[in-house]
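Only one chain is shown below, in structure tokens, and it's the form predicted on its own.
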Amino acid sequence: MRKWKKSWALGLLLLPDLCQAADGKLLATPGVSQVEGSAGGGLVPWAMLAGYASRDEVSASAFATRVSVDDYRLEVWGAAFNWQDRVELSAAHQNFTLKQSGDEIRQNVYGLKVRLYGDVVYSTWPQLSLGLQHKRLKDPAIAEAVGADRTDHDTEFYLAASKLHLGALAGYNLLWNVTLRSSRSNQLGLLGYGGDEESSRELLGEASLAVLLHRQWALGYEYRMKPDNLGFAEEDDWSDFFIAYFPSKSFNVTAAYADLGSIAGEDDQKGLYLSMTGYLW
């Protein structure tokens, strides 16, 4: 498994030399790869679709992400496909490791996003997209032990609005996104779905704000509300400060300082987020 992960990461590093991305959009406008596989920020799915495909093109991308906080490590890898800037399909595999014990929890996430209206740059009103993320937990033992209501699979739905304002902040481009999610997932679903205190869905807000300091650099902040369904431990909202580098339309790298709050009874889980995305065409 470790050799496979190293080969995946090496392949991403070589993508700029091996591939030619679709080029129908402005640099950086698709965002980066979110931890559940969708295009957006690291924590929040945005209304934009993965890749640079315009309305008469298709594109595909692959990504790898690692988040390392005090007591846990999350590794994610996956791919996304964009059909004519209308439909995004994505798939991601999450591997969550408890550092002290070495125990692992695996989950697969399958995503669908449809652009409903607008363009993040050119339309007067924000671009709107409707999405879903279907989650299948591969290792349910810990979810069962902590009292999750469901430990096999569940589906989340979200509506995202994004807008890029050219030259809006002292001459720099300003991007904002607001997402409303229907969810009952405990820690992204890695601890199951629903719990002994609350088993129904909640409407949760998520937001991102970024400034493009240069055509190749973006600096921003994200906030994601989380449900709190399990009686044995509180679940906190997530946030991060990020910087993303877009050397070309074939590749990008994102680094962030993530604050994930309390996870499974362990407080103040903070650490480094690192992600790479390569565009296959």
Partner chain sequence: MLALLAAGCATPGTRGALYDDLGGQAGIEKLVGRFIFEIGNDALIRPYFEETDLDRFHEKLTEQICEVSGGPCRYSGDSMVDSHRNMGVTEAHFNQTVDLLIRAMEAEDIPHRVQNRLLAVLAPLREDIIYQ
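Please read all numbers here as calculations on a predicted model, not as lab measurements. Residue numbers count along the first chain shown, from 1.
One more form of this protein, predicted in complex with the partner chain, exists but is not displayed; see below.
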query: Asn173 within 4.5 Å of the partner chain in the predicted complex, heavy atoms; finding: yes
query: Interface membership of Val58, the partner chain in the predicted complex, 4.5 Å heavy atom rule; finding: no
query: is_contact(Arg224, the partner chain) in the predicted complex, heavy atom dist at most 4.5 Å; finding: no
query: Contact flag, Leu166 vs the partner chain in the predicted complex, heavy atom cut 4.5 Å; finding: yes
query: Segment that reaches the partner chain in the predicted complex - one of 59-67, 211-219, 36-44, 229-237, heavy atoms within 4.5 Å; finding: 211-219
query: The partner chain in the predicted complex reached by all of Lys25, Tyr122 and Lys249, non-hydrogen atom within 4.5 Å; finding: yes
query: Residues of 141-157 having any heavy atom within 4.5 Å of the partner chain in the predicted complex, listed in sequence order; finding: none
